[in-house]
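A lone chain, given as structure tokens: the form predicted alone.
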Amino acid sequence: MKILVCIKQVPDAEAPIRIGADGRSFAVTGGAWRMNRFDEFAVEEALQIREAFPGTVVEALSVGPARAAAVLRRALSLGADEAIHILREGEEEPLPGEVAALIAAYVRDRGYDLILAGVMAEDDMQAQTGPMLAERLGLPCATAVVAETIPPNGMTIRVERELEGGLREALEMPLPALLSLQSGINRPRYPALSHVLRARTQPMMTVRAGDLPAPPRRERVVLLFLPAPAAKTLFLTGTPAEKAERLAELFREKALL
């Protein structure tokens, strides 16, 4: 079996993030980037499938600038066999349709039995790349997957999807297929020392995005901005008695008393 895991590099939530000078991208202070948390579950699920089906090959793929190679090294340190970097120059974040087109152009006819991805990216939370990729490749697709089982014959895959209200939907699909995985489907492992050492020197395949056929962008980010404050804050001054009196007046003005 041959499995592809799509991963993304996102800003660390603890890092100071501001809107870039172009007004259409994010600037991350100190270069604090890491693997998307949802994609960590996809990597772990691929590794567990490999353990259940000896001979399975797990490959990780990421679309992004040169710094995105770091998350591919992370995937290798977790146990992925190979890594593919679709190098896209520029800091402007590609939109889901563009990412899906680039991945589809590379992976088509490469014989993947299963493609896994996180249910969404933490930075934009659009949850569109996986389904768009499945559509481009003509693959059956299940989103928000919280459990999966592959029968011994390896011809189909059975999944459970998370629905609203605590409901679940059970599906059975032929392979090859694409799944976007929900958090909690497994518990991502810590990297083994042997894998960490291998990941430092293992070569990865680099493909320039400009060498792949991709349609023109159908949408563009026009502007990023912070929303205006929804309410004002009023600080009361004076003695405790004066503050209490003023607070009572405000409550009466707003019909709260």
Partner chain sequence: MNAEIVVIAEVAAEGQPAPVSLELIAFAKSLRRNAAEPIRVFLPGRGIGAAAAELARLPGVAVTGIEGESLASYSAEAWKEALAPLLAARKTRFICVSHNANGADFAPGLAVRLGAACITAVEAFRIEAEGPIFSLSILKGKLQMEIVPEAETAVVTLLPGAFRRGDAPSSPMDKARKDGTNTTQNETVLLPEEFRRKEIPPTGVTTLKEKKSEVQGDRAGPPAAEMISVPDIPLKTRPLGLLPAPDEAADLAAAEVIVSAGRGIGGEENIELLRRLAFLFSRAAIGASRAVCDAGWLPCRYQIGQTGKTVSPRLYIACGISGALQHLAGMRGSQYIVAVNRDPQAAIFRVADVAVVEELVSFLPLLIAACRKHREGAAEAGR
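Residue numbers count along the first chain shown, from 1. Not measured: the values here are computed from a predicted model. By rigid core we mean the largest C-alpha set that fits within 1.5 Å across both forms.
If you look for the form predicted in complex with the partner chain, you will not find it shown, but the lines that follow are about it.
Is residue 236 one of the residues lying within 4.5 Å of the partner chain in the predicted complex, judged by heavy atom distances?
Residue 236: yes, in contact with the partner chain in the predicted complex.
Though only this chain appears here, would residue 224 touch the partner chain in the predicted complex if you measure heavy atom gaps against 4.5 Å?
Result yes; residue 224 sits at the interface with the partner chain in the predicted complex.
Does at least one non-hydrogen atom of residue 53 fall within 4.5 angstroms of the partner chain in the predicted complex?
Because no heavy atom of residue 53 falls inside 4.5 Å of the partner chain in the predicted complex, the answer is no.
Would you classify residue 219 as touching the partner chain in the predicted complex, given a 4.5 Å non-hydrogen atom cut-off?
Although the partner chain is absent here, residue 219 would touch it in the predicted complex, with heavy atoms inside 4.5 Å.
Contact residue in the predicted complex, chosen from 138, 151, 111, 90 - any heavy atom within 4.5 Å of the partner chain:
By the 4.5 Å heavy-atom cutoff, the listed residue in contact is 138.
Hey, which residues along 120-135 are within 4.5 angstroms of the partner chain in the predicted complex, non-hydrogen atoms only?
Contacting residues: 120, 122, 123, 124, 125, 126, 127, 128, 131, 132, 135.
After core superposition, I'd like to know whether residue 246 moves between this form and the one not shown (criterion: C-alpha shift of 2 angstroms or more).
Superposed on the core, residue 246 moves its C-alpha 2 Å or more between this form and the one not shown.
Would you say residue 21 moves its Cα by 2 Å or more between this form and the one not shown, aligning on the core?
No, its C-alpha moves less than 2 Å.
Would the C-alpha of residue 216 be classed as shifted by 2 Å or more between this form and the one not shown after rigid-core alignment?
After core superposition, the displacement of the residue 216 C-alpha between this form and the one not shown reaches the 2 Å mark, so yes.
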